[in-house]
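Here we start with a single chain on its own, the form predicted on its own, put down as structure tokens.
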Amino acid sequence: MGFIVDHIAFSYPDHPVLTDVSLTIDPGHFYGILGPNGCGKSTLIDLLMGHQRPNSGRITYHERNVHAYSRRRLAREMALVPQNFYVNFPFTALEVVLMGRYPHLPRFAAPSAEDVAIIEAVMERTGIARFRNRYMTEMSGGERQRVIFARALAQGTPVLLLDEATSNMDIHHTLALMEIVTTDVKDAGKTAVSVFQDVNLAATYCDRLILMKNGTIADWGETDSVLTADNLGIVFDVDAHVYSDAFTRSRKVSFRQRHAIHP
């Protein structure tokens, strides 16, 4: 089993965020979470990670409450690539990626030869080996995101959670990292759950979608059944045209504004 989200609700002190959210996240699929700003997408990721506790309902992972796991155990099961990652200390890219191996190391133990080999392979795979000795404080936003993505891969977890993880990247590196995720999902049976702002990027790479609006689930399931003009109109309040694109061999969406925006 993967995740079961069972009638959860969550509020911050000043406002509610999620209301009666239920869904199942099965292993071996790439899920995309889509919805307007402020609808609760990132909060849902935080709850899946156990970073927040729902006010009601529960989230189970492998039939066990997420909060019943130790932080170390969860770090061996789930890796997160956040939208923003701030580093105020002069860590190198190599040092940051190496942090991904910490959940697997005995206390006070140095990385083994196997850990170093994993780090080297991940840095080559993600194309960041050439700035292994560069400081994070000297990198662009996109370069930092690539390093944090590599750190998550180095954790070697069965679940990868992405919160707009390519928001600062150019299209070349965005596509390269999405290909890595889909390869790991298809070939290694991993589970990926990603928040997207780009509907077409999600449609290209995700085999399942979760549509959210106003803190609830509007629809979820197979991409071909969820990605419809009616659903997109309801969720985003736009007119949408959904079509099959032969070039990418995936569904694509064109949008136009439905209503004028008044100040």
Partner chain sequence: MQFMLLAIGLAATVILSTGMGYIPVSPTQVLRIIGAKLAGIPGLTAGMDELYPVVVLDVRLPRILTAAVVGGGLAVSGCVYQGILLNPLADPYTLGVSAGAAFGAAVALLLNLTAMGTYSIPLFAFAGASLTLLLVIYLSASGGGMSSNNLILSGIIVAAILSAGISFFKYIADEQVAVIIFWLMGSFGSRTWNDVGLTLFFVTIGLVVFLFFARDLNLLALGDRTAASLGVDTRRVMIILLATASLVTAICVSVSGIIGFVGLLVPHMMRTLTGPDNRRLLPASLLAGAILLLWADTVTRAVLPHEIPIGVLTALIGGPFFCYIFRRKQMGKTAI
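Here the structure is a predicted model, which means the values were calculated and not measured. Numbering follows the first chain given and starts at 1.
The same protein has a further form, the form predicted together with its partner chain, not shown here; the description that follows concerns it.
None of 167 to 175, 182 to 190, 117 to 125, 131 to 139 except one has non-hydrogen atoms within 4.5 angstroms of its partner chain in the predicted bound form; the exception is 131 to 139. In the predicted bound form, at least one heavy atom of residue 46 sits within 4.5 Å of its partner chain. By the criterion of a heavy atom within 4.5 Å, residue 214 is excluded from the residues contacting its partner chain in the predicted bound form. None of the heavy atoms of residue 58 is located within 4.5 Å of its partner chain in the predicted bound form. Although the partner is absent from this view, residue 143 stays clear of its partner chain in the predicted bound form, with no non-hydrogen atom inside 4.5 angstroms. Taking a 4.5 Å heavy atom cutoff to its partner chain in the predicted bound form, the contacting residues in 100 to 116 are 100, 102, 103, 105, 106, 107, 108.
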